[in-house]
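Only one chain comes next, encoded as structure tokens, the form predicted on its own.
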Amino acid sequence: MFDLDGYGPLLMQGAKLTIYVGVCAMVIAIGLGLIGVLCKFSRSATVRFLINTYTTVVRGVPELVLILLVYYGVPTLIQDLSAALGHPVYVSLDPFISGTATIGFIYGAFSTEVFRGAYLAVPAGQLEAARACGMSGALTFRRITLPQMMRHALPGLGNVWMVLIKATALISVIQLPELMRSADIAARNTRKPFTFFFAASLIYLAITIISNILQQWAEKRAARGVRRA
């Protein structure tokens, strides 16, 4: 049913790799977001300046530029510097690792802002009560702040995921055989660009619809026991 001149399996393999890249990048983004929100409210002005610079710069530069900069620019820079020092080396980055890490790094900035809003949504009285009970800062964050942050952050993180999974198509420029790259290969070999790019768009749409369903389920589950005004 999904043969497409024999290239259907290739598209499905590309779709699996796209989801894998997306999940790995999202894990990185959430991790960076949690670190970032702690830095946002750090007492150190230097730490706050650095994290604000990170979120501002990364959100202001196109994803494609950063992907090309990391995959092609960084190895070239290292090779040029090593050659200038008299110790030439050859550097080649793995497309999966560099692409996934770059996407995760980019959307870590967006996740930081999502978590910042979620952190501010936690009632200040609960944090004061935790301190009054003698809880340490780390214990308060783990037991009081983090669970409620995640509930408030779920809608925003869902939007980050939706954009991130579509942004994985940009990794095709560094030859990673994800969905977009696989569709491009099939389109060139069969000279049927509309057929394969349309099929790829339907697969992306299916991933988005399933993700939306899972997001709604997660939000309902996280809201259990929450009294609504």
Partner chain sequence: MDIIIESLPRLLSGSLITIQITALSVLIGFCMAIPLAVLRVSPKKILSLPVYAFTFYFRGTPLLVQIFLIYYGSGQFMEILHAAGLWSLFQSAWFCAVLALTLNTAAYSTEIFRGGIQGVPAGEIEAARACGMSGIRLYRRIIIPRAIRIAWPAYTNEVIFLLQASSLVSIITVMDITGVAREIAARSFAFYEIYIFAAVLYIIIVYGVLWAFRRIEHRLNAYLRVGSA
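Positions refer to the first chain, counted from 1. Quick caveat: nothing in here was measured; it's all calculated off a predicted structure.
Another form exists, predicted in complex with its partner chain; not displayed. Remarks below refer to it.
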Margin query: To verify the annotation, which of these, 77, 97, 85, 124, has a non-hydrogen atom within 4.5 Å of its partner chain in the predicted complex?
Written below: 77
Next item on the list: Report yes if all three of 45, 49 and 148 come within 4.5 Å of its partner chain in the predicted complex by some heavy atom, otherwise no.
Entry: no
Checklist line | residue 160, heavy atom within 4.5 angstroms of its partner chain in the predicted complex | finding: no
Item checked: Proximity of residue 156 to its partner chain in the predicted complex, heavy atoms at 4.5 Å -> no
Margin query: Residue-level question: is residue 209 within 4.5 Å of its partner chain in the predicted complex, judged on heavy atoms?
Written below: yes
Margin query: Residue-level question: is residue 198 within 4.5 Å of its partner chain in the predicted complex, judged on heavy atoms?
Written below: yes
Next item on the list: Can you tell me which bits of 50-66 touch its partner chain in the predicted complex, meaning any heavy atom within 4.5 Å?
Entry: 56, 57, 59, 60, 61, 62, 64, 65
